[in-house]
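Single chain ahead, by itself, as structure tokens, in the form predicted on its own.
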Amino acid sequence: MSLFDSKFYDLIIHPEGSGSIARMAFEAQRYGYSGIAVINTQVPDKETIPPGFSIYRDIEISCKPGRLREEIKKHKNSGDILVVRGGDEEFNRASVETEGLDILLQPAQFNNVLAKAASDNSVAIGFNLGLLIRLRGDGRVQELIKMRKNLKHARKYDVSMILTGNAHSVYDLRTPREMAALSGLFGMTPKEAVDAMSAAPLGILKRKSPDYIQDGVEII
């Protein structure tokens, strides 16, 4: 069985208007994805998306570190995927130390202490491959350095990892194989890349299910 026979998900998508969601869904399915999650956007009716394809909703939390814990707790039981974009060390610490956050995306300052907290609180570290696609020169090199460091800390503490293209249109979407190839630029193995687009997103979606209580316990 090939690694790329898995179900793939991109949990951070920025559709430009409600009409573009369906188009992105059809294109993502054609590329081999089973679902996507859209940032701060209402999920469309099932009739407008491909059969067998799933769309979920993200809430991107953006505020000062002092209010971050309060905002995460406010949305914790919403059923939506909670995403925070990485900031300075104080901001990242508040993020990973607050139970209920799902993804800390592309933290610029990440270390062993923050990785341990992320692991303890089931916070996934997101790798924004869209930056590698769009940036050139020194900017791209700096992002690769950050990703390599984040990967090292995530491995050490078995932190869940997420890959996203951070797409804003269908032209930003990439196939799972292309995403895995890009992640190899900062040292991810093909197995790690596939898990970051399949097992890790599925773990987050499982926790968001109304039937989920905790790992190993489920309402039947």
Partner chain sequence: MKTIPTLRDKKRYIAFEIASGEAINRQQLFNEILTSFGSLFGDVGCSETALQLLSFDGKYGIIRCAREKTWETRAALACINSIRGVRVSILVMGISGTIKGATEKFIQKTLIKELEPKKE
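Model, not experiment: these values are computed from the prediction. Positions refer to the first chain, counted from 1.
What comes next is about the form predicted together with the partner chain, which is not displayed.
Segments offered: 49-57, 62-70, 147-155, 165-173. Contacting the partner chain in the predicted bound form at heavy atom distances within 4.5 Å is 165-173. Heavy atoms of every residue among Arg30, Leu132 and Leu182 are located within 4.5 Å of the partner chain in the predicted bound form. Contact annotation for Arg140: at least one heavy atom lies within 4.5 Å of the partner chain in the predicted bound form.
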